[in-house]
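Only one chain is included here, represented as structure tokens and corresponding to the form predicted on its own.
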């Protein structure tokens, strides 16, 4: 057992970015174990997905053609059967809503240990060392798992794989027990602003409590439009109902890694920093020079956002 089986993810007919990130994570582990990297793509237009997933470092892609969208029971049955067929040392899954739904069930069915939300993985071939964050990113812990294991990876922690590969694409005839399928997807309903995924934005203009009131949000939106950026926020803005939940950055929101992150009126609580500290360049605008966000900013503007933001907007328009 030296191979790695990585489960890819799609939604509404599109592969998610984490599918390409998990190739990088899986390839790293496969190199360390001396094994091969196998991918699994389950449900939907699997042949089309497999062609897109055929990138450098992938030895085989197993397609399971059953249903169109994610289903807990189908994924759990298909992955456990693939595991029995391939006998990999490690099973990787995205640390997404879907991944956290089926990965523990797969681990339980296979009687394997599971570790979630990993930000780094290493192995000597015998022990899997999984790194996780705790206390809002202030502490990193390492977890050692002996033998075979299941792990979920946090999105954006590994770069996306690229290049064209020469993997074999193999249809896997999973024996799905339809009587054991207890749920089905009957449709999608987007939450407000659900068309925006801030985790994929290159430039984020993020607003915090310093904006004072909802009527001032357009000030931030004007700057974002001038920059071609996406608006995000800290938790108080979402709690006040000034922006939808899908715009929230942080431990209870989304982890983002844009090229540029402009934090406006954000103090920099550890819960927020945990979600944006991986940004390439951080610009902070705050009247408080001692705000924690100033300590991690590449460029810190100690001034009133109501003076700075309109000036920046005018400059970039």
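Numbering follows the first chain given and starts at 1. Each form is matched to the other, and the largest set of C-alpha atoms that superpose within 1.5 Å is called the rigid core. The shown structure was predicted, so the numbers you read here are calculated from the model rather than taken from an experiment.
The next section is about a form of this same protein that is not shown, the form predicted in complex with a small molecule.
Undergrad: For the chain shown here without its partner, which stretch in 115-123, 202-210, 79-87, 101-109 has non-hydrogen atoms within 4.5 angstroms of the small molecule in the predicted complex?
TA: Within 4.5 Å of the partner lies stretch 202-210.
Undergrad: Do residue 281 and the small molecule share at least one heavy atom pair within 4.5 Å in the predicted complex?
TA: Contact check for residue 281: no, nothing within 4.5 Å of the small molecule in the predicted complex.
Undergrad: May I ask you to state whether residue 305 is within 4.5 Å of the small molecule in the predicted complex, using heavy atom distances?
TA: Result yes; residue 305 sits at the interface with the small molecule in the predicted complex.
Undergrad: Please run the contact check for residue 68 against the small molecule in the predicted complex: heavy atoms, 4.5 angstroms, yes or no?
TA: Looking in the predicted complex, residue contacts with the small molecule do not include residue 68, since no heavy atom lies within 4.5 Å.
Undergrad: Looking at the partner-bound form in the predicted complex, is residue 250 within 4.5 Å of the small molecule by any heavy atom?
TA: Close contact exists here: in the predicted complex, residue 250 approaches the small molecule to within 4.5 Å, heavy atoms only.
Undergrad: Check each of 285, 58, 42, 29 and return the one that places a heavy atom within 4.5 angstroms of the small molecule in the predicted complex.
TA: When the small molecule is considered in the predicted complex, the option within 4.5 Å is 285.
Undergrad: On a rigid core superposition, would residue 309 pass a 2 Å threshold for CA movement between the shown form and the other one?
TA: Yes.
Undergrad: After superposing the rigid core, is the C-alpha displacement of residue 113 2 Å or more between the shown form and the other one?
TA: Residue 113 C-alpha, core-superposed: shift of less than 2 Å.
Undergrad: Spell out whether the Cα of residue 288 moves at least 2 Å between the shown form and the other one when the two forms are superposed on their rigid core.
TA: Comparing the forms between the shown form and the other one, which are aligned on their rigid core, residue 288 does shift its C-alpha by 2 Å or more.
Undergrad: Given that the distance between the C-alpha atoms of residue 100 and residue 247 changes by 3 Å or more in the predicted complex, do they end up closer or farther than here?
TA: Note: Cα gap between residue 100 and residue 247 widens in the predicted complex.
Undergrad: Taking the cut-off of 3 Å or more as given, in which direction does the distance between the C-alpha atoms of residue 102 and residue 247 change in the predicted complex, closer or farther?
TA: It is farther: in the predicted complex, the C-alpha atoms of residue 102 and residue 247 lie at least 3 Å more apart than they do here.
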